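Given next, in structure tokens, is a single chain: the form predicted on its own.
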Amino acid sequence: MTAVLQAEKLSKQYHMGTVTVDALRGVDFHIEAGEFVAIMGPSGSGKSTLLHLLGGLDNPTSGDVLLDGRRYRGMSDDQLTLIRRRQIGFIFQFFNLLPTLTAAENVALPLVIDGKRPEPEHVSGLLALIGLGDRHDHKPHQLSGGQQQRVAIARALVTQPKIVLADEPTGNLDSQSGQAVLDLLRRACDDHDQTIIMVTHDHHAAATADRVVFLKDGSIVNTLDMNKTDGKTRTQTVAAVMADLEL
């Protein structure tokens, strides 16, 4: 397999008055095409900061991100915008659906923003895929939280991005809705060879991934291959590593 996304000595500092906060400290790792990676760690460990840097939503203090071997550093704002529009899909904990648009219109929005005409069959097919084929004309307030998050996933997938970045996608959902979201992400990886990078605090959610990367104080402190569970369930394996690392 080929590395699709790489972090090279990635560091990020925030300045709060006279205080400097090191959100990330020289992070090095790579993600292979078609891989499902979960990122775990306590609050303030740098999980969301790392995700934002990988998606080109923020600039590192030092180090770099490479997408298919192309460095973000030195790219213009327009170049990064096109990457975010066409190659990366984003899913956030708070669904960020536009309340005045229908489910179908929310799904099609990234294409509209990119100046493309959405194919109704493509949008309808995605809604059917996420189990909302009969909610085509419903607005967000007419949908449950789990349904809204599934619409957000369809919106992230509509441009057929090679990479999907998900920040706590099950954080506001009940267990049944959360499982449906995890199943969708797993299928995007397995059936469409999309690369999934998911920040989560939940052991069960992380167990869906192929690999779990553990962050603490802005540094990677362990990496877990989920194919090696040593007789434990996948969820138990993740929980055991978290406990060993005191995360």
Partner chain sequence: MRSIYGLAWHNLNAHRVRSLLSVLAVILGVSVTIAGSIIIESVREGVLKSDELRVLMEGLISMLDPAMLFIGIAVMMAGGFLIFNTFGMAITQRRQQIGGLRALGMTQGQVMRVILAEAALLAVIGVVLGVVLSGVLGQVMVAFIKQIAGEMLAFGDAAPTLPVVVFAAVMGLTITLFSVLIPARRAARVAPLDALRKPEAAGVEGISRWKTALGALLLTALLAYVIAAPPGEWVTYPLDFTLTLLFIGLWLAGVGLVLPALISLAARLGKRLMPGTIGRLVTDNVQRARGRTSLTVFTLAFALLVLIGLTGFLKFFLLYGIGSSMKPAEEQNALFITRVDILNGWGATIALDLDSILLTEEELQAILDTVESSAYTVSSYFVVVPEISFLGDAYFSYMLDPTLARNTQSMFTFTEGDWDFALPIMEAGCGVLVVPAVAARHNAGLGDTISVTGRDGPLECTIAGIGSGVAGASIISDTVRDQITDMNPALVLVVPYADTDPVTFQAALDALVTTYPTLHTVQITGFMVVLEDSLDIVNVSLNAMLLLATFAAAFGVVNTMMMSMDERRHEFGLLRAVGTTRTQMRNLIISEAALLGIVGGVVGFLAGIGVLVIIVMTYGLNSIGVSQNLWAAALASVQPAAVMGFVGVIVAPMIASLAAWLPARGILREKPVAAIPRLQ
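Residue numbers count along the first chain shown, from 1. These numbers come from a predicted model, not from an experiment.
Keep in mind that the form predicted together with its partner chain is missing from the display, and what follows is about it.
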item	value
Partner proximity in the predicted complex: Arg85 to its partner chain, non-hydrogen atom cutoff 4.5 Å	yes
Heavy atom of Arg117 within 4.5 Å of its partner chain in the predicted complex	yes
4.5 Å heavy atom contact, Thr100 to its partner chain in the predicted complex	yes
Contact flag, His203 vs its partner chain in the predicted complex, heavy atom cut 4.5 Å	no
All of Asp78, Phe95 and Ile113 within 4.5 Å of its partner chain in the predicted complex, heavy atom check	yes
Listed range touching its partner chain, judged in the predicted complex by heavy atoms within 4.5 Å, from 186-194, 54-62, 36-44, 211-219	54-62
Heavy atom within 4.5 Å of its partner chain in the predicted complex - residue from Gln142, Ser124, Ser175, Asn172	Asn172
Those residues of 147-168 which, in the predicted complex, come within 4.5 Å of its partner chain by heavy atom	Arg155, Asp167
